[in-house]
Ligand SMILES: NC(=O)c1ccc[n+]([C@@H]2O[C@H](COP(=O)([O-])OP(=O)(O)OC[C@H]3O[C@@H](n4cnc5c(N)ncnc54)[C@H](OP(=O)(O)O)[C@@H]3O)[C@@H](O)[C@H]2O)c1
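What follows is a single chain, given as structure tokens, in the form predicted on its own.
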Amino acid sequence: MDKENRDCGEKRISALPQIGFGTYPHKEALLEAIPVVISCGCTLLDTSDNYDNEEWVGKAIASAKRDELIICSKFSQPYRALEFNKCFEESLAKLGKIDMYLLHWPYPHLWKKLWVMMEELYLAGKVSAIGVCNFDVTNLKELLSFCRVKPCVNQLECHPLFQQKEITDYCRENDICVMSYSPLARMNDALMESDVIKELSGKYGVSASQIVLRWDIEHGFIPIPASAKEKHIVDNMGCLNFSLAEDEVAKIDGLEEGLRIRFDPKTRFTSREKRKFLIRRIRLAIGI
């Protein structure tokens, strides 16, 4: 089940690491946290233009070997759809580099046009890979029906309590990497205090967090846990030091509860927002 070399297909990033680092909601604390992350061998850093921390990420990596890092950011400002390229350049100026650029949500009426603009960034060589977040199977099927560049990843909420098997299976079948945010379900007791996790934690002499993150890796997902504390960062990265047996992964699979911790893409946007998105889509279409 080891997925150390994840092929990104036609993308310029030939492989992705097994685990990344999520920066939300941290800001100035990243100046100390990110060097720890890098010292642990983690090369994938995830941020977004609406996390209000791109500048801090940029400062934190300024003295690092940046060519060895994969910096992932997102377009999260649908109300600025007419300024898409400006938004990208603003993020680039703060970060110093963007390797992977993701569309944060399937914004109603807008996402298809925005994907075309994402493709233009990639085809112009401004980023090495592009992808999406929070896309369900219907969204992905629509995207694959017209895209010139297939998404490298689909970043979505995924943890043992909420496995999204239909989506993750579809991604696997279509060579789209799954990047899992909130991989520890925000330390929900139903997960971290479960008998299965406790049993495996004791067996391997590792933390509950390491067991859960290793479950992601065994499934071929890329977890992006976030923390500003050195001890938690080091502990999380320890999930790379052991493996779980298939029957142990299956036991963790049995914890599924359909418990979503974060936003549901289907109900994320209000009717009013959808109308505003439609107006922006029309303006994009007629070039004003």
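From 1 onward, residues are counted along the sequence shown. What you are looking at is a predicted structure, and each value in this text was computed from that prediction instead of being measured.
Unshown form predicted together with the named molecule; subsequent notes refer to it.
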* Residue among K229, K27, K59, R260 with a heavy atom within 4.5 Å of the named molecule in the predicted complex -> K229
* Contact residue in the predicted complex, from F88, Y170, W115, Y181 (heavy atom within 4.5 Å of the named molecule) -> Y181
* Quick check: do D49, S73 and I130 each get a heavy atom within 4.5 Å of the named molecule in the predicted complex? -> no
* Look at the stretches 238-246, 62-70, 252-260, 219-227 and give the one with heavy atoms within 4.5 Å of the named molecule in the predicted complex. => 219-227
* Answer yes if any heavy atom of K198 is within 4.5 Å of a heavy atom of the named molecule in the predicted complex; otherwise answer no. => no
* So in the predicted complex, does N134 come within 4.5 Å of the named molecule, heavy atom to heavy atom? -> yes
* Asked: Does V153 make contact with the named molecule in the predicted complex, using a 4.5 Å heavy atom cut-off?
  -> no
* Hey, in the predicted complex, does R186 get a heavy atom within 4.5 angstroms of the named molecule? -> yes
